[in-house]
Ligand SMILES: Cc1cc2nc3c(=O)[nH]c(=O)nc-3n(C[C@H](O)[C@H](O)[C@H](O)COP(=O)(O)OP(=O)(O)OC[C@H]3O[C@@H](n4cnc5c(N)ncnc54)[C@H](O)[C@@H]3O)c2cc1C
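Here's a solo chain for you in structure tokens, the form predicted alone.
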Amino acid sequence: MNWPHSKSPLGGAFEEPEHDGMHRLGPMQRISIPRRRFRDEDVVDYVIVGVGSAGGVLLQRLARAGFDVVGFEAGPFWDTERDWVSDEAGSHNLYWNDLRIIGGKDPLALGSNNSGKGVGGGSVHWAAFTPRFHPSDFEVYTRDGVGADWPIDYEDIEPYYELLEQEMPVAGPAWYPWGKPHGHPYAPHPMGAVGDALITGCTRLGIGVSAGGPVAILSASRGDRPHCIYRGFCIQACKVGAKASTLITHVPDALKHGAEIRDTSMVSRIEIGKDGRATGVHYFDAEGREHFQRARCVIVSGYAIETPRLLLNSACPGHERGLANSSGTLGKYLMAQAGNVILGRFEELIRMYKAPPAHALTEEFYETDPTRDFARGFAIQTVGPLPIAFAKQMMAAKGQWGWGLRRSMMDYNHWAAFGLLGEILPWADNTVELATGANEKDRFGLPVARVSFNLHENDKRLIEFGKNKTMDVMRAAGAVEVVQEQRFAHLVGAARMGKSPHDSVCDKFGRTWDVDNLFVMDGSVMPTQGSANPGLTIQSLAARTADYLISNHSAIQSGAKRSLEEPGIRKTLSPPGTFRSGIPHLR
């Protein structure tokens, strides 16, 4: 049969999208990005290195408080309509894919699930699960004799959890029983088939389970952000704008209040003056030209690998082992969470893409149980791998290739996936260092990170138990075949906070012990990691540090004695619309 042939597309020739000079952050959200405000010779109040989960919140808070603040971001300032695609492979540039060297007995796979590059950082491609840490997470050593204690208690961060849950906002059950029980500002999401499977499996085994969250995805429209349309592209960035990321929740408000973001700008080194204080940052612009931005205070928010890398690359006389490293702990105690994916095949259709990957979980196994042979615990969560990720999991779990893999791919709609999220303890031999090979440098000639990771006996026992328990739940849900892929999730640590300059990089507000006007604030400051996704905790810590900086700005600038007093929460600094009500819970 001869089909009619047309030389032009049906409906007419393609046209360029209409340009109105605005930057698009979703189908409804548009912002104007101001031209560069500050010159290199200007001395700004704050420079923030990395505009991701923590950096985005800090940028917004400090700008609203009236400070001159510049955020540096190695990646681009995303225009979500132009730069993002609804395609799994086409989303690869959301991640930090630059060269890194990995090693150790259990090397980490770096890239897609544990790092981001671009304004919004990892919050652009997180699944948006937002459980809080438990009170026990802040005193792991005291309770269990392993790991470390935090220099803060749950009560110090609790008001920031409540505030950030409203700013994102978080959808979830009205009553969440684990840790310190609490509710959520938005009602939970409806269940997809993966969530139904988790609920069914847990219920049949007598395990408590949370349905519909907690997750930072809109279950109802709010302002210029539409509600979720349940198409499953959360971790490939959300073109809809329903999923929270600092790119759409905090950065627009930061720009409105005078903040400047220099994207595609790679900070290479922090400069220390003769008085021992930070004076600014050296950076390369998009064309590879080197500049120096002067600042009264520098905040590093580059996350668990790039933060220690920058501090190590900033070694100078008096700080020969790297900045803020007099304790020798910089780069040590890197953590990843156990992230095994358990897949089950069901006779009925599942269609994993027809819901957010994150919409149901259980924390019944979160705490240390003396009847088990390991300390700490794990959570079980829904995940929703799209076909490319599913193919990789089938290859790892079943060793499939060729026709066998093709048959599994054709069967994709019958599979469900649960994620084990387990607490791996902080160990000194899990490290971020500078690579020393002649070819182990980035395009600016800077040494890249060398990341070494090893599982210890407690970690191995926890993973084995958690993996088997999750497979039990999958079978109880009705799966006729259950397989699993071992992997890791979420990086944190390597610039830990603590109570003493002898065993930590920074104090409880992220202020480094060695340089008074140098702060670290991101997931790298965490002494332990719990079995909760770290995103909410990172943003809550950043909001708390912003309050500290605002309260102590003059003292920090003058070099006055360090204060460790809690600053008090400033709810007036929240983005507009934060306290707008969501869809009500049924009680």
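In this text, all values refer to a predicted model and were calculated from it rather than measured experimentally. From 1 onward, residues are counted along the sequence shown.
Absent from the display: the form predicted in complex with this ligand. The rest refers to it.
Trainee: Just to confirm, with a 4.5 Å cut-off on non-hydrogen atoms, which of A324, L420, A128, L198 contacts this ligand in the predicted bound form?
Mentor: It is A128.
Trainee: Identify which of I270, M497, A74, V140 has a heavy atom within 4.5 Å of this ligand in the predicted bound form; exactly one of them does.
Mentor: Here the answer is residue option A74.
Trainee: Between this ligand and S53, K117 and I538, in the predicted bound form, does every residue show a non-hydrogen atom at 4.5 Å or closer?
Mentor: Affirmative, all three are within 4.5 Å.
Trainee: Give a yes or no for G121: in the predicted bound form, does one of its heavy atoms lie within 4.5 Å of a heavy atom belonging to this ligand?
Mentor: Heavy-atom contact with this ligand at 4.5 Å: present for G121.
Trainee: Would P527 count as a contact of this ligand in the predicted bound form, using a 4.5 angstroms cut-off between non-hydrogen atoms?
Mentor: Contact with this ligand, no.
Trainee: Give a yes/no on whether V49 approaches this ligand to within 4.5 Å in the predicted bound form, heavy atoms considered.
Mentor: Output for V49 is yes: heavy atoms within 4.5 Å of this ligand.
Trainee: Though only this chain appears here, would S301 touch this ligand in the predicted bound form if you measure heavy atom gaps against 4.5 Å?
Mentor: Yes, contact at 4.5 Å.
Trainee: Mind telling me which stretch in 557-565, 544-552, 518-526, 59-67 gets its heavy atoms within 4.5 Å of this ligand in the predicted bound form?
Mentor: Going by heavy atoms within 4.5 Å, the stretch is 518-526.
Trainee: For 91-115: residues with a non-hydrogen atom within 4.5 angstroms of this ligand in the predicted bound form?
Mentor: If the 4.5 Å heavy-atom criterion is applied to this ligand in the predicted bound form, 91-115 yields Y95, W96, S112, N113, N114, S115.
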